[in-house]
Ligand SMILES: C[S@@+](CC[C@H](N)C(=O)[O-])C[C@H]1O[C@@H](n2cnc3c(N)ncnc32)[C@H](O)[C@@H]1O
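Starting off, we have a lone chain in the form predicted alone, written out as structure tokens.
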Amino acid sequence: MYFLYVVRILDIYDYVAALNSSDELFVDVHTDAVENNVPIMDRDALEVMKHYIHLTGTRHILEIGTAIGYSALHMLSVHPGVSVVTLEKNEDSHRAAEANFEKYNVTDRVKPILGDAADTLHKEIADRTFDMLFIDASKGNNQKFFEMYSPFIKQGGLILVDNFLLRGMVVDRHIQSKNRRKMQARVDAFNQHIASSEMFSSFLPVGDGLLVISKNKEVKNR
């Protein structure tokens, strides 16, 4: 009976994931990521994020973790007025993202920056205010990224964090690897910090877990 229940839950998640997904706009970039094991956002979580951008009228986005530009391309596709500043520390990924931005003629709306977001605050960011922060880089640094970059998000803006479930690892109590346990502890600590804070937030079970935080003057439980 328990097995059938688990199977049904998995079937439900697959069903909802399919409903939340749409036709791929950037097939070659997606294929490149899959074939070369480049971590990219799951399609259903990506569509939910794009819906938030649409609903809130978000136009200026700060992204931590460019990879090869897949998520940035999708965010730019929501509206021609959307612009993205995106940071990536891997030089090869940075170059691949630049090539993809050129290929899809969005170089006038995206600023890819090569650098470690955990170490240095780039001038391109310090001089601006953004509507949304999207964190999708090294998961153990979620807390640090949040503390460093949320001050540059406007009041009423959004902060989104991908992969808060760590492919299920965040609730796995049988992890043997010391590094994996450390990663689990740091991600769970950040999740718990947000959940217990006064900020309005939602932990959405789409993709690998999408955390949505509202940066408001108002606080919950008031």
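Quantities reported herein were computed from a predicted structural model and do not represent experimental measurements. Just count from 1 along the sequence shown to find any residue number.
The same protein also has a form predicted together with the named molecule, omitted here; what follows describes it.
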**Message:** Counting any heavy atom within 4.5 Å as contact, can you tell me which stretch out of 188-196, 171-179, 37-45, 50-58 lines the named molecule in the predicted complex?
**Reply:** 37-45
**Request:** Find out whether any non-hydrogen atom of Ala96 is located within 4.5 angstroms of the named molecule in the predicted complex, and reply yes or no.
**Result:** no
**Prompt:** Hey, in the predicted complex, does Asn142 get a heavy atom within 4.5 angstroms of the named molecule?
**Reply:** no
**Request:** Classify Asn100 as contacting or not contacting the named molecule in the predicted complex by the rule of any non-hydrogen atom within 4.5 angstroms, answering yes or no.
**Result:** no
**Prompt:** So, in the predicted complex, is Phe134 in contact with the named molecule at a 4.5 angstroms heavy atom limit?
**Reply:** yes
**Asked** Among the candidate residues Val161, Leu62, Leu158, Ala67, which is the single one with a non-hydrogen atom no more than 4.5 Å from the named molecule in the predicted complex?
**Response** Ala67
**Asked** Hey, which residues along 99-132 are within 4.5 angstroms of the named molecule in the predicted complex, non-hydrogen atoms only?
**Response** Gly115, Asp116, Ala117, Ala118
